[in-house]
Ligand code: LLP
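Only one chain comes next, encoded as structure tokens, the form predicted alone.
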Amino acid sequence: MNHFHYRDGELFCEDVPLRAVADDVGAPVYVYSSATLERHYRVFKEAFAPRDPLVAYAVKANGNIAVIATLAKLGAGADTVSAGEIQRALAAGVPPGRIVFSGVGKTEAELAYAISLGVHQINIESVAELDMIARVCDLHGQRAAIAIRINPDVGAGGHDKISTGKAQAKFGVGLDAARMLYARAHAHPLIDAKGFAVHIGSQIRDLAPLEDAFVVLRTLAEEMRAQGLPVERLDLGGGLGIPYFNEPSPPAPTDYAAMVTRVFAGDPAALAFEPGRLIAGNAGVLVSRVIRLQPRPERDILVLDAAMNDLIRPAMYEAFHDIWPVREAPDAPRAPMDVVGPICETGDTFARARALPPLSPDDLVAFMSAGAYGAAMSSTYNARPLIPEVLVRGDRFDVVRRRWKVSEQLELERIPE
């Protein structure tokens, strides 16, 4: 469920008409619903009651500090993959003890920073990374809580580029390496080996591969305990899909929780999850203004002021985003058209042969399900400034990232003498 709906022929976010946002802030603009963010977090968290897991929101999905803060006030932690994301989580009010630090390429400086903060857990993804953590701990005399991220050779996800659990993927370690690393970590006096982690992909619409991976994880935990090594935590990652309008509905969080409860029944470990898209995806839209309609022999081309630098998912993942006119046209005839942006390459295409009602210059449209991996993956390609982000609560909206100016970008550069 989300809080974007038509009212008297106009598309609203909660009690704010999107047209009012675009008129005040300009387009293109990202608009997020506080009510949707909060509802999605609560539905996920409550599905696991009374186990009370750590729900560490995946900051990479949408790193705006206002979004993170909205969730932090409900008790959410943060799943981070860089020192910058850790800083964002802290700025949004997430305590270090609820921050998970993941990623295959952590630098020594990043690890030292995370360890100095006392983050909840660092997910180790290689032998070299464990050695680096040991060196940092020895150098500074500080303790580090870690988990070993396993690669269960189980792939899943909505696209090859977001499938992370197969053996050849860059993420995690195989089971033999995980056993060795866990024993080595336990032997180090400054490393607290807490458990294991797994994450096999994003936009997963089938519980079967998740269950396969979780069975591997539980079996490994039981093996380690049988060897006298405690396993206190199991991090089950994220990846549960959301409805993108053109796809069958993915499993509900309650179904997911039922499967997890079955697999880990009787296991004493504290569980953690890292949902990102599930919480933020349908909590945001990208509002864009029509520049012009270009006639073509096969079908017309609708040119918008938003571009692939603002929303790269269609170009990168062939992703589908439903496109809604901000002014409702339920009875208008629909015609197929290609929807494109102004960037100078053919890849700047949002949709082909999409059936849409008649649209004219200055009309507004909304790309639905754009709250995750939209603004977070945006760029300044073609010297286009980053666009604003707006957060709505009830009948009020606030700009939570202002529009960049090209002059501000130029200030970062110089012509050498």
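In this text, residue numbers run from 1 along the sequence as written. Since this is a predicted model, take the numbers as computed values, not measurements.
The same protein also has a form predicted together with the ligand, omitted here; what follows describes it.
Within 4.5 Å of the ligand in the predicted complex, a heavy atom is found for every one of S202, P275 and M377. Residue in contact with the ligand in the predicted complex (any heavy atom within 4.5 Å), chosen from H120, R233, K106, R149: R149.
When the ligand is considered in the predicted complex, only one residue from G341, G77, G195, G238 comes within 4.5 Å through any heavy atom, namely G238.
Contact with the ligand, judged by heavy atoms within 4.5 Å in the predicted complex, is confined among 221-229, 327-335, 185-193, 267-275 to 267-275. Within this chain, F320 is remote from the site of the ligand in the predicted complex, having no heavy atom within 4.5 Å.
A residue is said to contact a partner when one of its heavy atoms sits within 4.5 Å of a partner heavy atom; R384 fails this definition for the ligand in the predicted complex, lying far away. When contacts are judged by a 4.5 Å heavy atom cut-off, F367 does not count as touching the ligand in the predicted complex.
The shortest heavy atom separation between R313 and the ligand in the predicted complex is within 4.5 Å. Contacts between stretch 54-87 and the ligand, counted in the predicted complex as any heavy atom lying within 4.5 Å, involve A58, K60, D79, listed in sequence order.
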